[in-house]
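Read the single chain below, which is given as structure tokens and is the form predicted on its own.
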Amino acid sequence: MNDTSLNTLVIIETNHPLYEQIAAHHETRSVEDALASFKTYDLVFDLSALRTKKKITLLKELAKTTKAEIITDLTLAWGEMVFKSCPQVTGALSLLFYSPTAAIEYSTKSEKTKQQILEFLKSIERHGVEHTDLKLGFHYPRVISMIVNEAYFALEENLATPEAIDLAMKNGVNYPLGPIEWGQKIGTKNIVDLLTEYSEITEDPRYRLSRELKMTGKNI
């Protein structure tokens, strides 16, 4: 059951792709405003688009101003490290990347937090997919980022045009969107940030950025 008496805050910036939809149903504040406020909340959804180091810093600062349980977006952050470093975080989700199926990954420490996340997702017309063993990060943003990156490697090597790459993947692999188009809907800067984070954490060559993608992401 959803406890409608919970006083809930959503920390979100106005440039977040779901800002208008979330703001229509929930009280929202920017990161700056949330840290400056000492209003009492029962539950906080932190949807800031931050990589691991800055995310942990924010969550620790937030814990000084509220005793509320915190559910945080870890699209761009090292999930296992955030959970280990921030005990006030009881759950995580991945809302930053556009999902053509409206499916949102989440991970929780308790059944209560699971229900809170599912109710929140329902309020913005999304449905949840549980990730039970969150280590480096969520599956969807990692996989789609690598696919988009490979498409930009193909562009870099002049193997095909953006239109041809998208058409081939939609018709040949039945993707709902081509990887170039998909990357644009997500925002190439977000993809660059995620792959850079994973590359630095793991030193795995799989996450090596295409020069073309890096230039595109930095220019936006």
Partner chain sequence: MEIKNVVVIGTGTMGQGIAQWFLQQKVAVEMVDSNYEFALKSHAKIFENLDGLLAKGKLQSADVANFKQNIHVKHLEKINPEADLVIEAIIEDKEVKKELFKKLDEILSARSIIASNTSSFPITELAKDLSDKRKNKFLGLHFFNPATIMKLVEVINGLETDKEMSHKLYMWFNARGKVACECNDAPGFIVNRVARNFYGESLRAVETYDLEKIKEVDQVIREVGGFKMGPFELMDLIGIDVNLSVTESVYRAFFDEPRFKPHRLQKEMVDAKRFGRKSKKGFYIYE
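Numbering follows the first chain given and starts at 1. Fair warning: this is a prediction, and the values are worked out from it, not measured in the lab.
Another form exists, predicted in complex with its partner chain; not displayed. Remarks below refer to it.
Asks: Any idea which of 41 to 49, 171 to 179, 22 to 30, 61 to 69 reaches within 4.5 Å of its partner chain in the predicted complex, heavy atoms considered?
Replies: In the other structure, the partner sits against 171 to 179.
Asks: Work out which of Ala34, Ile186, Val192, Ala151 lies within 4.5 Å of its partner chain in the predicted complex, going by heavy atoms.
Replies: Of the candidates Ala34, Ile186, Val192, Ala151, Ala151 is the one lying within 4.5 Å of its partner chain in the predicted complex.
Asks: Only one of Ser99, Gln88, Thr113, Ser85 has a non-hydrogen atom within 4.5 angstroms of its partner chain in the predicted complex; which is it?
Replies: Checked against the cut-off, the match is Ser99.
Asks: Evaluate Lys109 for contact with its partner chain in the predicted complex, applying a 4.5 angstroms cut-off between non-hydrogen atoms, and reply yes or no.
Replies: Close contact is absent here: in the predicted complex, Lys109 is far from its partner chain, nothing within 4.5 Å, heavy atoms only.
Asks: Although its partner chain is absent from this view, report whether Arg126 comes within 4.5 Å of it in the predicted complex, heavy atoms only.
Replies: Contact with its partner chain, no.
Asks: Is Glu105 a contact residue for its partner chain in the predicted complex, using a 4.5 Å heavy atom cut-off?
Replies: Answer yes; at least one heavy atom of Glu105 falls within 4.5 Å of its partner chain in the predicted complex.
Asks: Residue-level question: is Lys122 within 4.5 Å of its partner chain in the predicted complex, judged on heavy atoms?
Replies: Contact with its partner chain, no.
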